[in-house]
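Shown next as structure tokens: one chain only, the form predicted on its own.
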Amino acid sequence: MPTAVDSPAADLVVAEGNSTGLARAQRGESLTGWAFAAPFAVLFGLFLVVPAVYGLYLSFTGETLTGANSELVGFANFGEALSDPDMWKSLGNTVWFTLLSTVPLVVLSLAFALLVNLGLPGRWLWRLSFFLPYLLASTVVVLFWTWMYNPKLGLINGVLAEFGIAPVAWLQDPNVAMISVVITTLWWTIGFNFLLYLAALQNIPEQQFEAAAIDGAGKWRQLFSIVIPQLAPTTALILTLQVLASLKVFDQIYMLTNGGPAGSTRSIVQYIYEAGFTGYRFGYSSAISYLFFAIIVLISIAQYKLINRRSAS
């Protein structure tokens, strides 16, 4: 005869007990996960979400540093920003800096990574020399390049003088000031992109190069048929990060030229800073911030769609 344990009712009780125990275990894991995430969530809310929401509120007010004129003004700040020629000039400077810096930071970092990946002696030294400037603080980088660009005592003009070339006012001439900032940024930040490319190159299977060599493909054919296609995801990542970083440029421009000469290098972030902390107009600077945020979002979406379209094709 079947025992009580073997009866269908007993099996149902055991199954319900197991499901209850499983549900309790899942709830326990969920609570544990929330407990670990809670400190980050609190800090994220306090230092990012709350300021962002408060900044959006300020953009609809006439808030100043003194606390006066805090009443709502609607879209007046946004309308003023859209008709402000200084804002548009600063935005144009930012876009110009992005265009000037992004291309060499991608192309040169790829070229240096390819050279190091060829198997040059002392590979660790090459990696260190390219990446070390990236670890420096912006103040150190600016101090170094300020002396390099010095019209009378700088090393660059000293070298030019040896070839009979007249000294250049690198940071005082509106025609070359932005180029000087780009050169500084290139020297400072190329190491990060270089390491990303070098890591991606070392992940390409060696069998692909061996098979291509057997088929008669030379180094250049391997570069354009194997290496560059394999690096497409890394290039997309670097382009995205580089464009976003360049659009937010502030430190090196503010310390090298303070936006000069004649506003030729002032970035949109510096203009937001000046509107809020020099002009004491928090509401107006917040409005410009959210207009700039909208532009960054649109650029990011366009970049994402363009990259996905190319990947699909």
Partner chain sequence: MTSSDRQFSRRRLLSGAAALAGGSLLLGCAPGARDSGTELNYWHLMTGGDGIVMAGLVDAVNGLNAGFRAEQTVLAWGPPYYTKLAMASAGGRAPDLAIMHASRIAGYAPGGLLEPWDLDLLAEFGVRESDFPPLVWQKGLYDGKLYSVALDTHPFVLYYNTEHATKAGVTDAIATMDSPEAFTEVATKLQKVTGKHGLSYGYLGDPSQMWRLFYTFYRQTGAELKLVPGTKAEVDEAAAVKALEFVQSLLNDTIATRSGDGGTAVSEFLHGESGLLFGGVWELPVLKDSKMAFDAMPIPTLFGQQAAYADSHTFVLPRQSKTDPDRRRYTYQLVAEILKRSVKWAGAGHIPAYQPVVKSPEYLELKPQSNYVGIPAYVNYDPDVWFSGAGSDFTSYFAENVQNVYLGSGDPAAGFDGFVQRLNKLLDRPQPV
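No experiment lies behind these values; they were computed from the predicted model shown. Residue numbers count along the first chain shown, from 1.
Omitted here: the form predicted in complex with its partner chain. The next part is about that form.
- Interface residue among S225, N117, S129, Q172 relative to its partner chain in the predicted bound form, by the heavy atom within 4.5 Å criterion: Q172.
- This chain lacks the partner; the member of F44, Y280, F250, Y57 within 4.5 angstroms of its partner chain in the predicted bound form by a non-hydrogen atom is Y280.
- Put simply, P151 is close to its partner chain in the predicted bound form: some heavy atom of it is within 4.5 Å.
- Contact between A262 and its partner chain in the predicted bound form is found at the 4.5 Å heavy atom cutoff.
- Proximity of L31 to its partner chain in the predicted bound form falls outside the 4.5 Å heavy atom cutoff.
- A68 belongs to the set of residues with a heavy atom inside 4.5 Å of its partner chain in the predicted bound form.
- With the partner left out here, its partner chain still marks one of 241 to 249, 48 to 56, 262 to 270, 32 to 40 in the predicted bound form; by a 4.5 Å heavy atom cut-off that stretch is 262 to 270.
- Annotation for 73 to 88: interface residues with its partner chain in the predicted bound form are E80, D84, P85, D86 [heavy atom within 4.5 Å].
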